[in-house]
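Shown below, as structure tokens, is a lone chain in the form predicted on its own; questions about how it binds or moves come after it.
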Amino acid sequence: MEPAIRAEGVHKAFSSVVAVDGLDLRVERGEIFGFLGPNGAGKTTTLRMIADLLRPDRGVLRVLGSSPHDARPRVGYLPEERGLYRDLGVMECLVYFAQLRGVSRWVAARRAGALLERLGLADRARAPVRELSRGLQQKAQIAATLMHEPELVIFDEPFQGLDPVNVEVVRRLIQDLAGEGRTVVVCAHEMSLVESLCGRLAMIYRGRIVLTGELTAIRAQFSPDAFDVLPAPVAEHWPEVGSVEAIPGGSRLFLRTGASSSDLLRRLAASGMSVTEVSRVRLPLESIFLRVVGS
């Protein structure tokens, strides 16, 4: 079976501005995939090509085993800009969008009711869209994206405008979609949320993928060879330790070149200290993002 998304050498320019430059990307079916990059990196252009709103100038782009055009009925796309009809009631708006996708009115009404309940909007079903707050409009837009039950769901900034409670509602919804076997692509500035959701990711910069792979492997690649130890041991002269930094309640021990975690753990055990916590230092995704883009 082909992956959910396969891009090889995809190029897209607008006049003299190159937005996507030889993009190579692979998203497997059923995974939650993070797509990151600074403003103007080519993220939205890429997502719009996958959703068949733009056509590549050249290169190969396959979506759900077909061309983006043929796959379009099976793709749900949440754009960063909202596109609901402000004068329609929320339920009426969702049913209308579903009917545009070929869903019968009866089925659309049932699906809309379930999604509104799932997203905590059931009590606003008859309210005009214009009366909803920014966050509630965002949740209604998410519901509209899912009305035709797409196999591939593309979320461009799904968490914008949401308070912490509703961020968690949407985060769990995304996990549920993957649990149902759907593929989800998440483009978001909230790095901690991407970390909590995505097993794999790609970073794009100036139209090219500059980093991609399993999140755990990426974090291991960029994190220092160091351990946080609580409480702080007197480790400045241990042969396994190159340097020591103070942290709240303990020390961060940086291993010397050639030393291993096993060497450090044996040293800690031999020291006779009452150690309460030992944890490998892993850089947060935000730090990795800044390092990659900054370089």
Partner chain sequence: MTSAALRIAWHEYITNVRRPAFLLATFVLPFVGIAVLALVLGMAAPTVDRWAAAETARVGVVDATGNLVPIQPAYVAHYQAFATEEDARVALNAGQLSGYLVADPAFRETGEVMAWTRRDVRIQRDGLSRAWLRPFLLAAILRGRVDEATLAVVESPSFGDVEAQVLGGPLRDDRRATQIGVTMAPFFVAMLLAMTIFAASNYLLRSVTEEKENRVLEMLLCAVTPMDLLTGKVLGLGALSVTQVAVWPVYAAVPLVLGSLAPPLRAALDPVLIAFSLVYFVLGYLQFAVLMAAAGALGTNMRESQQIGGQFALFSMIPFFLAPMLLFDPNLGLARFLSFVPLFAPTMMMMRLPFGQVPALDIALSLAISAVTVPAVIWGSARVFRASLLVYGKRLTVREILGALRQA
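From a predicted model like this one, the values you see are computed outputs, not experimental measurements. Residue numbers count along the first chain shown, from 1.
Just so you know, the form predicted together with the partner chain exists too; it's not on screen, but the next bit is about it.
A.B. asks: Does at least one non-hydrogen atom of Tyr77 fall within 4.5 angstroms of the partner chain in the model of the complex?
C.D. replies: Yes, Tyr77 is a contact residue.
A.B. asks: Using a 4.5 Å heavy atom cut-off, state whether Tyr96 contacts the partner chain in the model of the complex.
C.D. replies: Within the cut-off, so yes.
A.B. asks: Is the gap between Leu265 and the partner chain in the model of the complex 4.5 Å or less for some heavy atom pair?
C.D. replies: The answer is no: Leu265 has no heavy atom within 4.5 Å of the partner chain.
A.B. asks: Could you tell me if Gln141 has a non-hydrogen atom within 4.5 Å of the partner chain in the model of the complex?
C.D. replies: Yes - in the model of the complex, heavy atoms of Gln141 and the partner chain come within 4.5 Å of each other.
A.B. asks: From the list Leu230, Leu54, Ala235, Ala259, which entry has a heavy atom within 4.5 Å of the partner chain in the model of the complex?
C.D. replies: Selected option: Leu54.
A.B. asks: Looking at Arg219, Arg208, Arg82, Arg110 here, can you tell me which has any non-hydrogen atom within 4.5 angstroms of the partner chain in the model of the complex?
C.D. replies: The option sitting close enough to the partner is Arg82.
A.B. asks: Hey, of 179-187, 96-104, 117-125, 196-204, which bit sits against the partner chain in the model of the complex at 4.5 Å between non-hydrogen atoms?
C.D. replies: Of the stretches listed, the one contacting the partner is 96-104.
A.B. asks: Looking in the model of the complex, is the partner chain within 4.5 angstroms of a heavy atom from every one of Ser15, Arg72 and Arg86?
C.D. replies: Per the other structure, all of Ser15, Arg72 and Arg86 touch the partner chain.
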